[in-house]
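So this first bit is one chain, no partners, the form predicted on its own, shown in structure tokens.
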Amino acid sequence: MKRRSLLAALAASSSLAGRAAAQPAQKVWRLGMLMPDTAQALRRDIDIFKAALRDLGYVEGRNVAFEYRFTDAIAERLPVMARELVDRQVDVIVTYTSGASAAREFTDRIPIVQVAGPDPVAVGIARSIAKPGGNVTGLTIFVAEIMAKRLELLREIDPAARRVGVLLYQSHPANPPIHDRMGQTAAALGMELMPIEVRGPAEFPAAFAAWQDKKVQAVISHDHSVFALGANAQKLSALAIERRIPLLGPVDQCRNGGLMSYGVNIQALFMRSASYVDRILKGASPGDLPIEQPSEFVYAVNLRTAKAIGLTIPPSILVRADELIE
């Protein structure tokens, strides 16, 4: 009796093992991370993104793998690295700022999730916000509107400001809508804009020298990572402080010495973008996924910088600030 039971158990075990061996291995999805910055600068954002993916069931080494391409804020590397990821035939490309436009040049098939970037309709990589129609979806920060909002904040902190420099990244696809939207706001506020496009930190001093010659009273910065993060942001801020010029730009720039920021919570966008990747990997077409606008905005004021340039921030600004840097 015992022998028959043992044989039956062994047979059942063998059958189960056979069925398990016959099951296909779990697919490992490959995500191309096209990041227009340094690995160090983006470590926190990428960790947040990966944590959000884990909450959705994607575990690195088990069912998802990441192929990173960091440009180290060198614009010329972006199209090269975009092409590399397309050639690698990754399942999804995740990117931000101008990365979506760069990747779209090389593929209309691989889904592209934009974490944060310019209006994809305005730059010609989506048909509409509600139904993009192509292979690009994700989130947009509508940087033109944010830049215009910074002009309005400037009027609050310095009603006398009339001549305003605008710092833009050279040939960025968002530049034309920025010119249009900021131009409308400047006209309504009685301001004159003096935009300068640069390619990197080596050109920052010349831009500020040109603005000083034109007696610019403040500078509004684009959100490009070249202006927002690390040593570049510190260099920009130092140039502005040296000339006692208010510098208004993205949140990370303010934390690195800029005077003030009105911008989006980038970490929240990285977290939210994980849901786009999840839906695409489960079969959704990126062209059917509406592009989202951010719902979390951040006011930040650097009180150290305000003191350094001799500017008193109005109480109406201070009470609305989400972050006061002292």
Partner chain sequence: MRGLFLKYVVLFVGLVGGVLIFNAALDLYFVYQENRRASIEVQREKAEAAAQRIESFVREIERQIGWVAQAQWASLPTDQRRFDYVRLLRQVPAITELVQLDREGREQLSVSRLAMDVVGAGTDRSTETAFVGAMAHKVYFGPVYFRQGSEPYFTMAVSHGARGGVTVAEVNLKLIWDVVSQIKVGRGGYAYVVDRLGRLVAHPDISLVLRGTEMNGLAQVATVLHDRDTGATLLDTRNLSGVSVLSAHASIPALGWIVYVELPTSEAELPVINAGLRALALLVLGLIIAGLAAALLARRMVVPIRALQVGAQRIGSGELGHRLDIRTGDELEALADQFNKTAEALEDSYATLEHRVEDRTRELSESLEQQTATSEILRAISQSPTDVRPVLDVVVAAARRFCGATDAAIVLRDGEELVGAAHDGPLSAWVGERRPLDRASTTGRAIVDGRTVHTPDIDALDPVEFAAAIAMAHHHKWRANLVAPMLREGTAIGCIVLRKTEPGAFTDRQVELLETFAAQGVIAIENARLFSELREALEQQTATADVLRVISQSPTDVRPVLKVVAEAALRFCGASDVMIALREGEEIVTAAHDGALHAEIGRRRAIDRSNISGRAILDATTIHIPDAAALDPRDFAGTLAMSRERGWHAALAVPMVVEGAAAGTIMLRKTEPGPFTARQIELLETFAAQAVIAIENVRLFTEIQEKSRQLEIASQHKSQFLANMSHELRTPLNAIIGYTEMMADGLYGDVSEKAAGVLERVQKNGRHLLDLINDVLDLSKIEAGQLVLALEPYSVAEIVASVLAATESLAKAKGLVLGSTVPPGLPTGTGDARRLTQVLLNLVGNAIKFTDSGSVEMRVERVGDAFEVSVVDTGFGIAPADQAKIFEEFQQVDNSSTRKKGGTGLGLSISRRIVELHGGRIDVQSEEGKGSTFRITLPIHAPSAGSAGQ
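Please read these numbers as outputs of a predicted model, since none were measured by experiment. Numbering follows the first chain given and starts at 1.
The same protein also exists as the form predicted together with its partner chain; that form is not shown, yet it is the one meant from here on.
Of the residues given (192, 180, 152, 108), 152 alone sits with a heavy atom within 4.5 Å of its partner chain in the predicted complex.
Screening 145, 252, 158, 84 for any heavy atom within 4.5 Å of its partner chain in the predicted complex leaves a single hit, 145.
The three marked residues, 262, 291 and 315, each reach its partner chain in the predicted complex, with a heavy atom inside 4.5 Å. With its partner chain left out of view, the stretch that reaches within 4.5 Å of it through heavy atoms in the predicted complex is, among 43 to 51, 57 to 65, 28 to 36, 294 to 302, 294 to 302. Mapping the unseen interface onto this chain, residue 129 counts among the residues with a heavy atom inside 4.5 Å of its partner chain in the predicted complex. Its partner chain is not shown here, but in the predicted complex it comes within 4.5 Å of a heavy atom of residue 321. For the chain shown alone, residue 231 is not a contact residue for its partner chain in the predicted complex, no non-hydrogen atom being within 4.5 angstroms. Heavy atoms of residue 188 reach within 4.5 Å of its partner chain in the predicted complex, making it an interface residue. Along 269 to 286, a non-hydrogen atom within 4.5 Å of its partner chain in the predicted complex is carried by 272, 279, in order along the sequence.
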